[in-house]
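Here's a solo chain for you in structure tokens, the form predicted on its own.
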Amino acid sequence: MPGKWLQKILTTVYTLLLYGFIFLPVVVLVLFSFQDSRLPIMPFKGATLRWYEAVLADSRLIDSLINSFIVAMSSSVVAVVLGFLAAYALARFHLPAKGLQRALLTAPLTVSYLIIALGLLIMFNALGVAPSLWTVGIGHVVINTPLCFAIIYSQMGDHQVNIERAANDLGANEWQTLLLVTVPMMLPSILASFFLAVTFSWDEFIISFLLSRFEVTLPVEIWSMLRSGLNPKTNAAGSLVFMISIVLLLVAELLVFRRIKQK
């Protein structure tokens, strides 16, 4: 009995330390975003919402927030479609050098974002393509497609092949089977890869910094604010990003994943 109580205590302490290590920086960020002082330092000097009002009144921050949302959503959709089609082709068809193709598709996951960004920047300069939100979106598709492919491919089991063959035997062609049978079966992994890609794109900085010029995403705008020093306005902007991410996660859990589990 004493051994079991000691194990429970150690497990509880370890869990609290783990979550504290992960979430303490976020708690500090949100806490100082409400501080009624221009310097985000201790001691805490009262609570105020004026820094959030300053963020919402800053047109550059709002524009960068909208840019981040557009890039994250559009690039994630493209990455999921490309990743799903690649996973379907390699899982369902006999293609030459399938192992090599899988390795090449997942290889960008092991490459630094800085190397990918520099390569894309050189390529766009050689093609005469000016940096913009389009180039940022292409960069995010490049880094997120291997991730979406890996998630979706790992969930394509042999048991689904029999269902697809049954659909073909009942008269469905390849595209009907793909859209009406395979996609619904793979919907959990498709949605998981989509939301993960949105998360990675939402706060990605290096590619967004190197491949943008006048229209920037929110991480780049926050970085430009930090060049003049820390201030509660920066904390408020970061807190808003965190809150939006939490809201998106809750919406995905309540409206999407819970319904899938119920089915």
Partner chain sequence: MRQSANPESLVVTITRQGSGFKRWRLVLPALLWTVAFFVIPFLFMAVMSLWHRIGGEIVATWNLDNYVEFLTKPHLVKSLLNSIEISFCVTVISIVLAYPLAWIIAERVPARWQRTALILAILPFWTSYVVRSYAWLLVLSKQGIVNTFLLDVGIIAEPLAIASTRYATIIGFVHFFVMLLTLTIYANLKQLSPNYARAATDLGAGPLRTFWHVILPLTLPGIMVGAFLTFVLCIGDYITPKILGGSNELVLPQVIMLQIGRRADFPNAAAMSIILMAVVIIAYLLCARWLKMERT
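Positions refer to the first chain, counted from 1. Take the two forms, superpose them, and find the largest set of C-alpha atoms that agree within 1.5 Å; that set is the rigid core. Fair warning: this is a prediction, and the values are worked out from it, not measured in the lab.
The next section is about a form of this same protein that is not shown, the form predicted together with its partner chain.
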Among Ala192, Met186, Val142, Leu133, just one has a heavy atom within 4.5 Å of its partner chain in the predicted bound form, namely Val142
Out of Asn235, Ser212, Gln35, Ser64, which one falls within 4.5 Å of its partner chain in the predicted bound form, going by heavy atoms? Asn235
With heavy atoms only and a cut-off of 4.5 Å, decide whether Phe69 touches its partner chain in the predicted bound form. no
I'd like to know if Leu226 sits close to its partner chain in the predicted bound form, meaning any non-hydrogen atom pair within 4.5 angstroms. yes
Residue-level question: is Gln176 within 4.5 Å of its partner chain in the predicted bound form, judged on heavy atoms? no
State yes or no: in the predicted bound form, is some non-hydrogen atom of Ile222 no more than 4.5 angstroms from a non-hydrogen atom of its partner chain? yes
Given a 4.5 Å distance limit between heavy atoms, list every residue of 95-126 close to its partner chain in the predicted bound form, or none if there are none. Leu95, Pro96, Gln101, Arg102, Leu104, Leu105, Thr106, Ala107, Pro108, Thr110, Val111, Ser112, Leu114, Ile115, Ile116, Leu118, Gly119, Leu120, Leu121, Ile122, Met123, Phe124, Asn125, Ala126
Rigid core superposition, Leu17 Cα moves 2 angstroms or more between the shown form and the other one: yes
